[in-house]
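Take a look at this one chain, the form predicted alone, written out in structure tokens.
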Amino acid sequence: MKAVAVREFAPFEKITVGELPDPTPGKGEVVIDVKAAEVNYPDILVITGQYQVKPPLPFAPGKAAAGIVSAVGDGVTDLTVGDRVTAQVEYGAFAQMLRAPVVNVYRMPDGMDFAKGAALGLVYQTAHFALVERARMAKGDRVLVLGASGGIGVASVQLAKALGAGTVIAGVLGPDNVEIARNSGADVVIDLGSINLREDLRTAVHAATDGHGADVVIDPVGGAANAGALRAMAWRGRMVIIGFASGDIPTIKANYLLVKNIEVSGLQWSDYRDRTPDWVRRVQEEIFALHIEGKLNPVISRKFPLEGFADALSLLRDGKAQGKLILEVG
């Protein structure tokens, strides 16, 4: 099969599309003819060998895909050849064929196209677990989302609104990203590149919340924005750290958490996928249902052929990606 073939860990610019063996399903597995794959920032780390899980060489990267089941292994009873599905995996989605455990494969709603099926995967799962499980978001909460024009940011804004947040404040970088956040449902948009993050972010958030501050902060960015967001949190506020797209891992002083009665937690979503697949399935069904109701709509800014994977990853690395980037494989 044709795939993004990682034969040694290296910068993604040095990786090419080549041939890898066709997969065959084992017990409890299916093989999917991939039609679309979701491109995510962790793919860069996987390719370079900097991610917490290093796949055995050679391999195809890619953590989420949508396509058609082409083969089923022993013990698989709830999926058959021809089913239209999405899958969440550790790696392998940037290929014409994907082998996946059936527990991590979800039947797509009727009429959903493959690009949207792929885009409603990892980032919406991550945003849901961050908001609901880690941050315990309640209806009426004031929610601050950093990096709100990116994949996880857009998903977090849309989900926060869909789940009943009071005020959703989107932090973006640059005026070109303001419209993306507004169209995703943000009540207030702050250009983080135009303010002093340490002082002015708190002022802006307090102005947007009548002095209350942010009950929930979703941070996939890190860096100086994280420090500014900490100062903008309300009493008993909850921050969830998802990643460090800025490239700067912040240091948080525990005494500040104590004095302000706030908490900071981290989210590694793949642990939920591996440890509690039934929980993840329920969340995916809820995400699909909210999409059908018109409350979630992934922003797919660009689509690339499989051979264009490096162009897509370059946009993510350089912080120029808006919404979701999709590889059209089939």
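Don't overthink the numbering: it's just position in the shown sequence, from 1. None of the values given here were measured: they were computed from a predicted structure.
Keep in mind the form predicted together with a small molecule is missing from the figure; the text below concerns it.
**Student:** For the chain seen here without its partner, which of 205 to 213, 78 to 86, 107 to 115, 169 to 177 has a heavy atom within 4.5 Å of the small molecule in the predicted bound form?
**Tutor:** Flagged stretch: 169 to 177.
**Student:** Indicate whether the candidate residues Pro23, Val69 and Met97 are all in contact with the small molecule in the predicted bound form, with contact defined as any heavy atom within 4.5 Å.
**Tutor:** Not a single residue of the candidate spot has a heavy atom within 4.5 Å of the small molecule in the predicted bound form.
**Student:** Quick one: of Val102, Met137, Met233, Leu192, which gets a non-hydrogen atom within 4.5 angstroms of the small molecule in the predicted bound form?
**Tutor:** Looking at the other structure, the residue within range turns out to be Leu192.
**Student:** Under a 4.5 angstroms heavy atom criterion, identify the one residue in Leu122, Ala165, Leu131, Leu201 near the small molecule in the predicted bound form.
**Tutor:** Going through each option in turn, the one that passes is Leu122.
**Student:** Are any of the heavy atoms in Val280 no more than 4.5 Å from a heavy atom of the small molecule in the predicted bound form?
**Tutor:** No, Val280 sits far enough from the small molecule in the predicted bound form that none of its heavy atoms falls within 4.5 Å.
**Student:** Taking heavy atoms only, is Ile242 within 4.5 angstroms of the small molecule in the predicted bound form?
**Tutor:** Taking the distances in the predicted bound form, the answer for Ile242 is yes, it comes within 4.5 Å of the small molecule.
**Student:** In the predicted bound form, is there a heavy atom of the small molecule that lies within 4.5 Å of any heavy atom of Ala321, even though the partner is absent here?
**Tutor:** Ala321 belongs to the contact set for the small molecule.
**Student:** Given that the partner is absent here, does Pro42 sit within 4.5 Å of the small molecule in the predicted bound form, heavy atoms only?
**Tutor:** Flag for Pro42 set to yes.
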